[in-house]
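Let's start with one chain on its own, the form predicted on its own, as C-alpha coordinates.
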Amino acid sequence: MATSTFPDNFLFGAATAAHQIEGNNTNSDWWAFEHDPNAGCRDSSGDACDSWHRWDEDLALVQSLGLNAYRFSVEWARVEPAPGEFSLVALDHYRRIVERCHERGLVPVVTLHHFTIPRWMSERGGFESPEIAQRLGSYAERVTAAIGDGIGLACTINEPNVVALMGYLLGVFPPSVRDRARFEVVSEAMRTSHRAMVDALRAGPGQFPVGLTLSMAEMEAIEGGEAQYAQALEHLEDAYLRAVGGDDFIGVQCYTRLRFGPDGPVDIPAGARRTMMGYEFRPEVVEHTVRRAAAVSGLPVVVTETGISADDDTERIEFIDSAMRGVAACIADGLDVRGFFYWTLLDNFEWVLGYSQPFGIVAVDRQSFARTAKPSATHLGRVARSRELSTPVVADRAQ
(Lines give C-alpha, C1' and ligand atoms only; values in the text may rest on other atoms or scores of the structure.)
Protein backbone atom coordinates (compact mmCIF):
# COMPACT_ATOMS: atom_id res chain seq x y z
CA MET A 1 0.00 0.00 0.00
CA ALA A 2 1.13 3.56 -0.77
CA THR A 3 0.13 6.07 1.91
CA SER A 4 -0.58 9.76 1.38
CA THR A 5 -0.51 11.92 4.51
CA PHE A 6 -1.97 15.29 5.44
CA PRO A 7 -0.79 17.89 7.98
CA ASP A 8 -2.29 18.01 11.47
CA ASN A 9 -3.92 21.39 10.81
CA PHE A 10 -5.38 20.38 7.42
CA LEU A 11 -9.11 21.07 7.02
CA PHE A 12 -11.31 18.18 5.92
CA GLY A 13 -14.84 19.35 5.32
CA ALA A 14 -18.06 19.32 3.33
CA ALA A 15 -19.52 22.35 1.60
CA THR A 16 -23.10 23.62 1.24
CA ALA A 17 -24.88 26.77 0.06
CA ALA A 18 -27.84 28.49 1.69
CA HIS A 19 -30.27 28.59 -1.25
CA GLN A 20 -29.57 24.97 -2.11
CA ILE A 21 -30.35 23.54 1.33
CA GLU A 22 -32.27 26.04 3.49
CA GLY A 23 -35.55 26.17 1.60
CA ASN A 24 -38.11 28.90 0.90
CA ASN A 25 -35.65 31.66 0.13
CA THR A 26 -38.50 33.62 -1.41
CA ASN A 27 -36.84 37.05 -1.42
CA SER A 28 -34.00 36.03 -3.76
CA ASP A 29 -33.58 36.45 -7.51
CA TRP A 30 -33.23 32.70 -7.88
CA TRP A 31 -36.62 32.03 -6.30
CA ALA A 32 -38.19 34.31 -8.89
CA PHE A 33 -36.12 32.75 -11.69
CA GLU A 34 -36.92 29.12 -10.89
CA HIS A 35 -40.66 29.94 -10.81
CA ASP A 36 -40.54 31.56 -14.24
CA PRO A 37 -41.97 28.98 -16.70
CA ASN A 38 -39.67 30.32 -19.42
CA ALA A 39 -36.46 29.95 -17.40
CA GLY A 40 -36.02 26.25 -18.09
CA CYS A 41 -35.49 25.14 -14.49
CA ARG A 42 -36.26 21.49 -13.86
CA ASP A 43 -37.59 22.10 -10.33
CA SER A 44 -38.18 24.91 -7.89
CA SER A 45 -36.11 24.81 -4.73
CA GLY A 46 -39.17 24.73 -2.47
CA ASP A 47 -38.32 23.42 0.97
CA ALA A 48 -34.91 22.29 -0.30
CA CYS A 49 -33.38 20.17 2.52
CA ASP A 50 -35.16 22.19 5.24
CA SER A 51 -31.77 23.14 6.62
CA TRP A 52 -33.10 26.50 7.80
CA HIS A 53 -34.60 24.41 10.60
CA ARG A 54 -32.41 21.28 10.52
CA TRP A 55 -29.03 23.01 10.47
CA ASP A 56 -27.90 21.53 13.79
CA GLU A 57 -28.74 18.05 12.52
CA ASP A 58 -26.47 18.79 9.57
CA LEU A 59 -23.66 19.93 11.88
CA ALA A 60 -24.11 16.79 13.98
CA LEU A 61 -23.66 14.73 10.82
CA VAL A 62 -20.46 16.54 9.88
CA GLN A 63 -19.09 16.05 13.38
CA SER A 64 -20.08 12.39 13.57
CA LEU A 65 -18.29 11.63 10.32
CA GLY A 66 -15.00 12.89 11.75
CA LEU A 67 -14.68 15.99 9.58
CA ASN A 68 -13.23 19.10 11.22
CA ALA A 69 -14.73 21.89 9.09
CA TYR A 70 -18.04 22.92 7.55
CA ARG A 71 -18.46 25.39 4.71
CA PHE A 72 -21.83 27.12 4.44
CA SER A 73 -23.16 30.42 3.12
CA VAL A 74 -25.00 33.35 4.61
CA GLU A 75 -28.01 34.37 2.54
CA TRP A 76 -28.00 38.05 1.58
CA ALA A 77 -31.71 38.01 0.70
CA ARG A 78 -32.55 36.97 4.28
CA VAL A 79 -30.05 39.25 6.00
CA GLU A 80 -31.02 42.39 4.03
CA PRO A 81 -34.62 41.85 2.87
CA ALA A 82 -34.94 45.50 1.80
CA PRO A 83 -32.28 48.10 1.00
CA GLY A 84 -30.56 49.11 4.22
CA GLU A 85 -32.96 47.03 6.34
CA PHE A 86 -31.07 44.25 8.12
CA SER A 87 -32.77 41.33 9.82
CA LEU A 88 -31.50 40.76 13.36
CA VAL A 89 -33.30 37.41 13.37
CA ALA A 90 -31.42 36.22 10.27
CA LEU A 91 -28.09 37.45 11.59
CA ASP A 92 -28.73 35.70 14.90
CA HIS A 93 -29.61 32.51 13.01
CA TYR A 94 -26.22 32.47 11.30
CA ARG A 95 -24.46 33.40 14.52
CA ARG A 96 -25.96 30.32 16.18
CA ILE A 97 -24.60 28.17 13.34
CA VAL A 98 -21.12 29.61 13.80
CA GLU A 99 -21.24 29.14 17.57
CA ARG A 100 -22.51 25.58 17.25
CA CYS A 101 -19.71 24.77 14.80
CA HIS A 102 -17.20 25.69 17.48
CA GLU A 103 -19.07 23.67 20.10
CA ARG A 104 -18.88 20.66 17.79
CA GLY A 105 -15.20 21.14 17.02
CA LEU A 106 -15.81 22.36 13.46
CA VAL A 107 -14.08 25.27 11.76
CA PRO A 108 -16.86 27.46 10.28
CA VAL A 109 -15.97 28.45 6.73
CA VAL A 110 -18.44 31.19 5.81
CA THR A 111 -19.30 32.26 2.26
CA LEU A 112 -21.06 35.60 2.01
CA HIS A 113 -22.36 35.40 -1.55
CA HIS A 114 -23.23 32.07 -3.17
CA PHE A 115 -25.00 32.80 -6.49
CA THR A 116 -28.10 34.57 -5.11
CA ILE A 117 -28.96 38.24 -4.57
CA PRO A 118 -32.05 39.89 -3.04
CA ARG A 119 -34.86 40.66 -5.46
CA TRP A 120 -34.52 44.37 -4.73
CA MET A 121 -30.87 44.24 -5.82
CA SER A 122 -31.86 42.37 -8.97
CA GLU A 123 -34.46 45.05 -9.74
CA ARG A 124 -31.72 47.69 -9.41
CA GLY A 125 -29.57 45.98 -12.01
CA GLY A 126 -27.84 43.27 -10.02
CA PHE A 127 -24.13 43.07 -10.83
CA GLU A 128 -24.57 45.69 -13.55
CA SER A 129 -25.66 48.25 -10.98
CA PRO A 130 -23.06 50.93 -10.21
CA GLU A 131 -23.88 50.46 -6.51
CA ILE A 132 -23.23 46.70 -6.35
CA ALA A 133 -19.76 46.89 -4.77
CA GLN A 134 -20.93 49.35 -2.14
CA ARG A 135 -24.01 47.24 -1.40
CA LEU A 136 -21.99 44.05 -1.01
CA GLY A 137 -19.44 45.87 1.12
CA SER A 138 -22.20 47.17 3.41
CA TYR A 139 -23.72 43.69 3.64
CA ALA A 140 -20.31 42.18 4.47
CA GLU A 141 -19.80 44.84 7.14
CA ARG A 142 -23.06 43.91 8.88
CA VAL A 143 -22.38 40.17 8.66
CA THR A 144 -18.90 40.64 10.10
CA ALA A 145 -20.24 42.77 12.95
CA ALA A 146 -22.67 39.98 13.82
CA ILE A 147 -20.53 36.84 13.45
CA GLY A 148 -16.97 37.92 12.64
CA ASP A 149 -15.55 36.95 16.01
CA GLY A 150 -16.51 33.34 15.27
CA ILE A 151 -15.58 32.95 11.59
CA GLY A 152 -12.83 30.44 10.83
CA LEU A 153 -12.31 31.35 7.17
CA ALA A 154 -14.33 33.78 5.05
CA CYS A 155 -15.08 33.44 1.34
CA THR A 156 -16.38 36.62 -0.29
CA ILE A 157 -18.05 35.53 -3.56
CA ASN A 158 -18.54 31.94 -4.65
CA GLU A 159 -17.43 31.37 -8.23
CA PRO A 160 -17.87 34.93 -9.51
CA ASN A 161 -16.70 33.76 -12.92
CA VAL A 162 -19.60 31.29 -13.08
CA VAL A 163 -22.14 33.94 -12.04
CA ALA A 164 -20.89 36.17 -14.86
CA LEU A 165 -20.58 33.40 -17.45
CA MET A 166 -23.88 31.63 -16.79
CA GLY A 167 -25.96 34.75 -16.15
CA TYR A 168 -24.56 37.23 -18.67
CA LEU A 169 -22.96 35.25 -21.51
CA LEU A 170 -24.68 31.87 -21.71
CA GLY A 171 -28.01 33.11 -20.33
CA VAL A 172 -28.92 30.04 -18.28
CA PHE A 173 -28.75 31.71 -14.83
CA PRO A 174 -30.55 34.91 -13.90
CA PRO A 175 -30.84 37.44 -15.42
CA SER A 176 -30.70 35.29 -18.62
CA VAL A 177 -28.48 37.64 -20.63
CA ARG A 178 -26.33 36.70 -23.63
CA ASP A 179 -24.13 39.69 -24.25
CA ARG A 180 -20.33 39.66 -24.23
CA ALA A 181 -20.00 43.35 -23.41
CA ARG A 182 -22.32 43.01 -20.42
CA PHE A 183 -20.48 39.83 -19.36
CA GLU A 184 -17.21 41.78 -19.26
CA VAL A 185 -18.80 44.62 -17.27
CA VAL A 186 -20.15 42.14 -14.73
CA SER A 187 -16.84 40.29 -14.55
CA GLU A 188 -15.09 43.51 -13.57
CA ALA A 189 -17.87 44.30 -11.08
CA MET A 190 -17.29 40.90 -9.47
CA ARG A 191 -13.64 41.69 -8.86
CA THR A 192 -14.43 45.18 -7.55
CA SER A 193 -17.09 43.76 -5.23
CA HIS A 194 -14.65 41.19 -3.92
CA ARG A 195 -12.20 43.89 -2.92
CA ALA A 196 -14.94 45.90 -1.18
CA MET A 197 -15.97 42.80 0.76
CA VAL A 198 -12.40 41.99 1.76
CA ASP A 199 -12.01 45.48 3.20
CA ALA A 200 -15.28 45.18 5.14
CA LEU A 201 -14.43 41.75 6.50
CA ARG A 202 -11.01 42.85 7.69
CA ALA A 203 -12.39 45.99 9.37
CA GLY A 204 -14.77 44.11 11.64
CA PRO A 205 -14.28 41.91 14.70
CA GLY A 206 -12.36 38.65 14.47
CA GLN A 207 -9.08 37.59 12.93
CA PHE A 208 -9.66 35.14 10.09
CA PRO A 209 -8.28 34.44 6.61
CA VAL A 210 -10.25 36.00 3.73
CA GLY A 211 -10.31 34.82 0.14
CA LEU A 212 -12.24 34.28 -3.07
CA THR A 213 -13.46 30.93 -4.40
CA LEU A 214 -12.90 30.46 -8.12
CA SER A 215 -14.29 27.87 -10.51
CA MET A 216 -11.33 26.37 -12.33
CA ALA A 217 -10.87 23.59 -14.86
CA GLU A 218 -8.11 21.64 -16.52
CA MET A 219 -8.20 23.56 -19.80
CA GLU A 220 -6.49 22.46 -22.98
CA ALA A 221 -6.54 23.33 -26.68
CA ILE A 222 -6.89 20.85 -29.49
CA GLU A 223 -5.58 21.74 -32.95
CA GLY A 224 -6.76 25.19 -33.96
CA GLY A 225 -8.24 25.98 -30.56
CA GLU A 226 -5.34 27.92 -29.11
CA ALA A 227 -7.02 31.34 -29.37
CA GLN A 228 -10.26 30.10 -27.79
CA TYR A 229 -8.29 28.41 -25.02
CA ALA A 230 -6.28 31.55 -24.28
CA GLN A 231 -9.41 33.70 -24.20
CA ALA A 232 -11.19 31.33 -21.80
CA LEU A 233 -8.15 31.12 -19.54
CA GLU A 234 -7.89 34.91 -19.34
CA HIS A 235 -11.57 35.73 -18.80
CA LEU A 236 -12.50 32.80 -16.53
CA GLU A 237 -9.36 32.35 -14.44
CA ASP A 238 -6.35 34.61 -14.87
CA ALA A 239 -8.16 37.94 -14.55
CA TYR A 240 -9.43 36.77 -11.16
CA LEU A 241 -6.16 35.19 -10.06
CA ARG A 242 -4.44 38.52 -10.67
CA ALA A 243 -7.13 40.36 -8.68
CA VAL A 244 -6.67 38.46 -5.40
CA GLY A 245 -3.28 39.91 -4.48
CA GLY A 246 -3.16 40.58 -0.76
CA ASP A 247 -5.79 37.96 0.04
CA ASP A 248 -5.04 35.25 2.58
CA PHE A 249 -5.91 32.27 0.35
CA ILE A 250 -7.49 31.31 -2.96
CA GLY A 251 -10.36 28.83 -2.94
CA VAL A 252 -10.19 26.36 -5.82
CA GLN A 253 -13.41 24.74 -7.08
CA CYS A 254 -12.94 22.18 -9.80
CA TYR A 255 -14.86 19.35 -11.42
CA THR A 256 -13.60 18.42 -14.88
CA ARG A 257 -11.51 19.16 -17.96
CA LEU A 258 -12.49 21.64 -20.70
CA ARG A 259 -11.18 21.31 -24.24
CA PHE A 260 -11.26 24.05 -26.89
CA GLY A 261 -11.30 23.86 -30.67
CA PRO A 262 -11.40 26.64 -33.31
CA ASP A 263 -15.06 27.39 -32.60
CA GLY A 264 -14.99 27.09 -28.82
CA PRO A 265 -15.59 24.24 -26.36
CA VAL A 266 -15.62 20.70 -27.76
CA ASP A 267 -17.03 17.50 -26.31
CA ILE A 268 -15.00 15.17 -24.13
CA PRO A 269 -12.86 12.53 -25.86
CA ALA A 270 -14.69 9.58 -27.35
CA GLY A 271 -14.91 6.72 -24.88
CA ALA A 272 -14.03 8.86 -21.85
CA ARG A 273 -15.94 8.23 -18.63
CA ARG A 274 -18.79 10.63 -17.90
CA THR A 275 -20.45 11.57 -14.65
CA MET A 276 -24.22 11.96 -14.31
CA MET A 277 -23.74 15.66 -15.11
CA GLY A 278 -22.21 14.70 -18.44
CA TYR A 279 -18.80 15.92 -17.29
CA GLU A 280 -15.67 13.95 -18.02
CA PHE A 281 -14.76 11.88 -14.95
CA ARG A 282 -11.52 13.67 -14.19
CA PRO A 283 -10.36 13.72 -10.54
CA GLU A 284 -6.90 14.72 -11.82
CA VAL A 285 -8.39 18.20 -12.26
CA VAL A 286 -7.89 18.86 -8.55
CA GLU A 287 -4.10 18.54 -8.62
CA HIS A 288 -3.91 20.46 -11.89
CA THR A 289 -5.93 23.44 -10.67
CA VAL A 290 -4.29 23.56 -7.24
CA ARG A 291 -0.86 23.78 -8.82
CA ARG A 292 -2.02 26.41 -11.31
CA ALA A 293 -3.84 28.55 -8.73
CA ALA A 294 -0.81 28.52 -6.46
CA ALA A 295 1.57 29.40 -9.30
CA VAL A 296 -0.48 32.26 -10.74
CA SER A 297 -1.83 33.81 -7.52
CA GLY A 298 1.09 33.10 -5.20
CA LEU A 299 -1.42 32.41 -2.42
CA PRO A 300 -2.10 29.44 -0.12
CA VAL A 301 -4.81 27.21 -1.58
CA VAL A 302 -7.95 25.68 -0.11
CA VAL A 303 -9.92 23.21 -2.25
CA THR A 304 -13.29 24.70 -1.33
CA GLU A 305 -15.27 22.44 -3.69
CA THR A 306 -14.88 19.31 -5.74
CA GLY A 307 -17.03 16.24 -6.23
CA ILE A 308 -19.23 14.32 -8.63
CA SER A 309 -22.88 13.58 -9.18
CA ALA A 310 -23.32 9.80 -8.99
CA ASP A 311 -25.88 7.19 -8.06
CA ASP A 312 -23.06 4.66 -7.71
CA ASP A 313 -21.30 5.69 -4.50
CA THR A 314 -18.23 3.62 -5.33
CA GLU A 315 -17.58 6.12 -8.12
CA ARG A 316 -17.76 8.95 -5.60
CA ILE A 317 -15.24 7.19 -3.34
CA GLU A 318 -12.95 6.61 -6.32
CA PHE A 319 -13.17 10.30 -7.22
CA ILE A 320 -12.50 11.44 -3.64
CA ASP A 321 -9.48 9.16 -3.28
CA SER A 322 -7.92 10.21 -6.56
CA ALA A 323 -8.57 13.89 -5.87
CA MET A 324 -7.05 13.69 -2.39
CA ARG A 325 -3.98 11.85 -3.68
CA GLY A 326 -3.46 14.80 -6.00
CA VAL A 327 -3.74 17.22 -3.08
CA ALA A 328 -1.28 15.15 -1.05
CA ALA A 329 1.17 15.20 -3.97
CA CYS A 330 0.96 19.00 -4.04
CA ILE A 331 1.64 19.18 -0.30
CA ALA A 332 4.56 16.76 -0.64
CA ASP A 333 6.03 19.10 -3.26
CA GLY A 334 5.90 22.00 -0.83
CA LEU A 335 2.71 23.76 -1.94
CA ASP A 336 0.73 25.45 0.84
CA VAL A 337 -2.61 23.61 0.56
CA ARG A 338 -4.72 24.04 3.66
CA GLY A 339 -7.97 22.15 3.13
CA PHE A 340 -10.23 19.87 1.10
CA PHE A 341 -14.00 20.35 1.03
CA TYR A 342 -16.23 17.87 -0.76
CA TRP A 343 -19.21 19.23 -2.69
CA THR A 344 -21.59 18.59 -1.20
CA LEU A 345 -22.78 17.41 2.21
CA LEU A 346 -26.41 16.83 1.17
CA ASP A 347 -28.14 15.82 -2.04
CA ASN A 348 -29.65 19.22 -2.75
CA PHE A 349 -31.07 21.73 -5.23
CA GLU A 350 -28.59 21.96 -8.11
CA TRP A 351 -29.85 25.18 -9.65
CA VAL A 352 -31.40 24.76 -13.13
CA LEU A 353 -31.02 20.97 -12.81
CA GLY A 354 -33.16 20.87 -9.67
CA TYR A 355 -32.97 17.69 -7.63
CA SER A 356 -31.78 15.45 -10.46
CA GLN A 357 -28.07 15.47 -9.57
CA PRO A 358 -26.99 13.61 -6.39
CA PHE A 359 -23.68 15.23 -5.44
CA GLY A 360 -24.06 14.61 -1.71
CA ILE A 361 -22.27 12.24 0.62
CA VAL A 362 -25.57 12.24 2.54
CA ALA A 363 -28.90 11.34 0.91
CA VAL A 364 -31.99 13.39 1.76
CA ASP A 365 -35.50 11.94 1.51
CA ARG A 366 -37.56 14.43 -0.50
CA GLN A 367 -40.68 13.85 1.64
CA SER A 368 -39.43 13.38 5.21
CA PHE A 369 -36.07 15.19 4.83
CA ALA A 370 -34.44 12.28 6.67
CA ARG A 371 -30.68 12.26 6.22
CA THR A 372 -28.82 9.02 5.43
CA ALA A 373 -25.04 9.00 5.24
CA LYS A 374 -23.62 7.18 2.21
CA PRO A 375 -20.52 4.95 2.35
CA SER A 376 -18.55 7.84 0.81
CA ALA A 377 -19.33 9.95 3.88
CA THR A 378 -17.89 7.31 6.19
CA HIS A 379 -14.89 6.90 3.90
CA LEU A 380 -14.12 10.62 3.80
CA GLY A 381 -14.47 10.78 7.59
CA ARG A 382 -12.06 7.87 8.01
CA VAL A 383 -9.42 9.70 5.98
CA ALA A 384 -10.06 12.90 7.95
CA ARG A 385 -9.63 11.14 11.30
CA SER A 386 -6.45 9.30 10.34
CA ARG A 387 -5.04 12.01 8.04
CA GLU A 388 -3.88 9.18 5.85
CA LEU A 389 -5.04 7.77 2.55
CA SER A 390 -3.79 4.32 1.63
CA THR A 391 -3.82 3.18 -1.99
CA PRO A 392 -3.06 -0.30 -3.35
CA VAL A 393 0.11 -0.41 -5.42
CA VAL A 394 -0.08 -2.49 -8.59
CA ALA A 395 3.23 -4.24 -9.21
CA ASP A 396 4.85 -3.89 -12.61
CA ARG A 397 4.85 -7.42 -14.03
CA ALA A 398 6.38 -6.43 -17.37
CA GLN A 399 9.15 -8.76 -18.47
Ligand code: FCB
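What you see is a predicted model; the values in this text were computed from it and never measured. Residues carry their position along the shown sequence, with the first being 1.
In what follows, reference is made to the form predicted in complex with the named molecule, a form of this protein that is not presented.
Relative to the named molecule in the model of the complex, residues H114, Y255 and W351 are all within 4.5 Å by at least one heavy atom. Residue in contact with the named molecule in the model of the complex (any heavy atom within 4.5 Å), chosen from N158, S193, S297, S73: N158. With the partner omitted here, the stretch from 178-186, 158-166, 201-209, 120-128 that lies within 4.5 Å of the named molecule by heavy atoms in the model of the complex is 158-166. Using a 4.5 angstroms limit between non-hydrogen atoms, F359 touches the named molecule in the model of the complex.
In the model of the complex, none of the heavy atoms of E287 sits within 4.5 Å of a heavy atom of the named molecule. Using a 4.5 angstroms threshold between heavy atoms, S376 stays clear of the named molecule in the model of the complex. Interface membership of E80, defined by any non-hydrogen atom within 4.5 Å of the named molecule in the model of the complex, is ruled out.
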